[in-house]
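Before any questions on how it binds or moves, here is one chain, the form predicted alone, in structure tokens.
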Amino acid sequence: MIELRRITKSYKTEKGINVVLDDVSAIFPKGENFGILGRNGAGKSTLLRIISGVEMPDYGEVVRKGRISWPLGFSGGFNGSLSGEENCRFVARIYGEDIDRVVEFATEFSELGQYFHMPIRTYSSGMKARLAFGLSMAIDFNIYLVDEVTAVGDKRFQEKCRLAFEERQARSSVLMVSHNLKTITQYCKRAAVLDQGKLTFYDSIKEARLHYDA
């Protein structure tokens, strides 16, 4: 379960203060797949980072019960001086996972070859994302956070990610943000729309679509 309590987040821009989340409160119950629709720049990715704890809100708090993933493909938490393997070992220890199993899964899934044993700072952004996704799949979470804008690797690797993610859905729930209604419909049963800093919930994807299209 995830609960948002009066979350507010803003950024300074050349045109002034841009409030992307304005006093947002919500509850995402365990076992339900939710989709959050929003235009580009609406604050969807920011919301997901705040939920995961990667980024802090200006005001408000997030209550998390259960194991919540970081946004799939997010690599901002890696230590650039450590190798891919060392980062995986560190994360496995934090989550109390079998270190050798996590390393073996991540190295095979990410397909980084010798780079898996090299410092993260030598990676391209795509290589970091592939490692982050593989590491995410190596650990069982109660809720997976998914930012649809994260396209990892080529079409073959993206298909590999999709299949792995669908397998995880059999025992975990999903909170996904996207501007693509088709993607939300594919993975989620309920949806909300993020618009002008406000999050509005709907009982069906169809109802959310009407708001979103308007």
Partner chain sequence: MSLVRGLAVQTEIVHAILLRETRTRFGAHQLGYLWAFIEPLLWIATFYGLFWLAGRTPPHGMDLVGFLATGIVPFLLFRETTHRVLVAISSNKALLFYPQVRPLDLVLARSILEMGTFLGVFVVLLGGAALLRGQLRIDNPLLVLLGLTMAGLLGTTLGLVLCALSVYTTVVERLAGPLLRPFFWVSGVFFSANDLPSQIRELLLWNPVMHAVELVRDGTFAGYTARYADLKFPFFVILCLAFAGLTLERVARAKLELT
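Residue numbers count along the first chain shown, from 1. Superpose the two forms; the largest set of C-alphas matching within 1.5 Å is the rigid core. Keep in mind the model is a prediction, meaning the values are calculated, not measured.
What comes next is about the form predicted in complex with its partner chain, which is not displayed.
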{"property": "Full three-residue contact with its partner chain in the predicted bound form, heavy atom 4.5 Å, for Ser52, Glu55 and Pro71", "result": "yes"}
{"property": "Distance check, Tyr115 to its partner chain in the predicted bound form, heavy atom within 4.5 Å", "result": "no"}
{"property": "Arg101: touches its partner chain in the predicted bound form, heavy atom cutoff 4.5 angstroms", "result": "no"}
{"property": "Contact of Asn87 with its partner chain in the predicted bound form (heavy atom, 4.5 Å)", "result": "yes"}
{"property": "Non-hydrogen atom contact Asn79 with its partner chain in the predicted bound form at 4.5 angstroms", "result": "yes"}
{"property": "Interface segment, criterion being heavy atoms within 4.5 Å of its partner chain in the predicted bound form, picked from 63-71, 28-36, 171-179, 154-162", "result": "63-71"}
{"property": "In the predicted bound form: members of 83-98 within 4.5 Å of its partner chain, any heavy atom", "result": "Glu86, Asn87, Phe90, Val91, Arg93, Ile94, Tyr95"}
{"property": "Rigid core superposed: Asn142 CA moves 2 Å or more between the shown form and the other one", "result": "no"}
